[in-house]
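What follows is a single chain, given as structure tokens, in the form predicted alone.
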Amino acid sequence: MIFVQILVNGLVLGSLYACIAAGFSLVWGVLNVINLMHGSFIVLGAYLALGLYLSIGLAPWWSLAVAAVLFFGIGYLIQRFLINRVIAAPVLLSLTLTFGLDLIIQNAMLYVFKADYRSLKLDPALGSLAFGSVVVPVDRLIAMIFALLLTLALYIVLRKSRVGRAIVAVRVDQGAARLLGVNIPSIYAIAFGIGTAMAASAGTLLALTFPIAPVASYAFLGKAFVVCVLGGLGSVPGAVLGGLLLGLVETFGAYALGPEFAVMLSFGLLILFLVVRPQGILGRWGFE
């Protein structure tokens, strides 16, 4: 039954990875901007969940609503007044800008929160559910469910809402979208705001599973990058499949080789996909 336990652990972890990567994939696919601040927004969301739980006892899966609204506004303003100024420039310029902004956020977090790792421990603990010999902590199960619901909500917004269809239209053909009256700068800002909100919301859920520290942002950014490449740029279902694939590879790899090989396996899988299928599982040629 150890195989089933590892499989369940991989699915739980993969669901969180999918939630991490969905917003990153959206921004990269629509704006053609590799947002290096994504990992820091995840960590800030985790700190927000920790702060709300310690101050008013709000459970992390409810604090994601606060994180989503707050960080949508932050992301919207950052794109509208900073990134939008270099959006038409070569990718290296926007990459440098997000790198510089991330350094500012990183140093601010280190000043406010220090470099110590912190954990969010629920009191009382929710315990675990046992299905035969398979044991799943309730808090991780709840985090998995909310991560999948959040990712599903993003998919529905992109497919069913007027703004979502405009975002997809800009991604597919910016020129045609402009001719149809779509306000491109506004859509860019909304898409970046949604990506930022997704990152912070995922961070509130990750606080239940991972230790929190400013330096953890680089690890989360790396996971988002790998999942984005595996699933395909701008594809929410692709992010889900890529996240689940990465979660399963890491959990089975950790069991077979040891947890210290998780990063090697992640980027080994990334290199394999770049060689064999660079557009990702659900990506299509022509989207950059």
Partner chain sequence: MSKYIILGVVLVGLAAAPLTGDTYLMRMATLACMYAVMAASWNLIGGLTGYPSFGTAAFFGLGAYTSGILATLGVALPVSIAAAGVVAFVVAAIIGFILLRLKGHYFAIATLACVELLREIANSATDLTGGGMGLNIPRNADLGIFAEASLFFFAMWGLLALTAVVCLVVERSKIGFALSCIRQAEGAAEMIGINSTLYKTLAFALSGVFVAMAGGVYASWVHYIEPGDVFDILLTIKPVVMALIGGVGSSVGAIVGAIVYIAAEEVIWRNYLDFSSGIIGLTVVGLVLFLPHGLGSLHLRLRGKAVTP
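Residue numbers count along the first chain shown, from 1. What you see is a predicted model; the values in this text were computed from it and never measured.
Just so it is clear, the following notes concern the form predicted together with the partner chain, a form of the same protein that is not shown.
Enquirer: For a quick test of understanding: in the predicted bound form, does each of 28, 267 and 278 have a heavy atom within 4.5 Å of the partner chain?
Expert: The answer is yes: all three residues contact the partner (heavy atom, 4.5 Å cut-off).
Enquirer: Using a 4.5 Å heavy atom cut-off, which stretch among 92-100, 157-165, 175-183, 130-138 contacts the partner chain in the predicted bound form?
Expert: Among the listed stretches, the partner-contacting one is 92-100.
Enquirer: Might residue 244 be said to contact the partner chain in the predicted bound form, defining contact as any heavy atom within 4.5 Å?
Expert: Heavy-atom contact with the partner chain at 4.5 Å: absent for residue 244.
Enquirer: Might residue 107 be said to contact the partner chain in the predicted bound form, defining contact as any heavy atom within 4.5 Å?
Expert: Residue 107 belongs to the contact set for the partner chain.
Enquirer: My question is simply whether residue 215 lines the interface with the partner chain in the predicted bound form - judged by any non-hydrogen atom within 4.5 Å.
Expert: Looking in the predicted bound form, residue contacts with the partner chain do not include residue 215, since no heavy atom lies within 4.5 Å.
Enquirer: Taking heavy atoms and a 4.5 Å cut-off, does residue 66 contact the partner chain in the predicted bound form?
Expert: The answer is no: residue 66 has no heavy atom within 4.5 Å of the partner chain.
Enquirer: Find the only residue in 169, 74, 153, 86 having a heavy atom within 4.5 Å of the partner chain in the predicted bound form.
Expert: Among 169, 74, 153, 86, a heavy atom within 4.5 Å of the partner chain in the predicted bound form occurs only for 86.
Enquirer: Go through 123-154 residue by residue and record those having a heavy atom within 4.5 Å of the partner chain in the predicted bound form; state none if no residue qualifies.
Expert: Stretch hits: zero.
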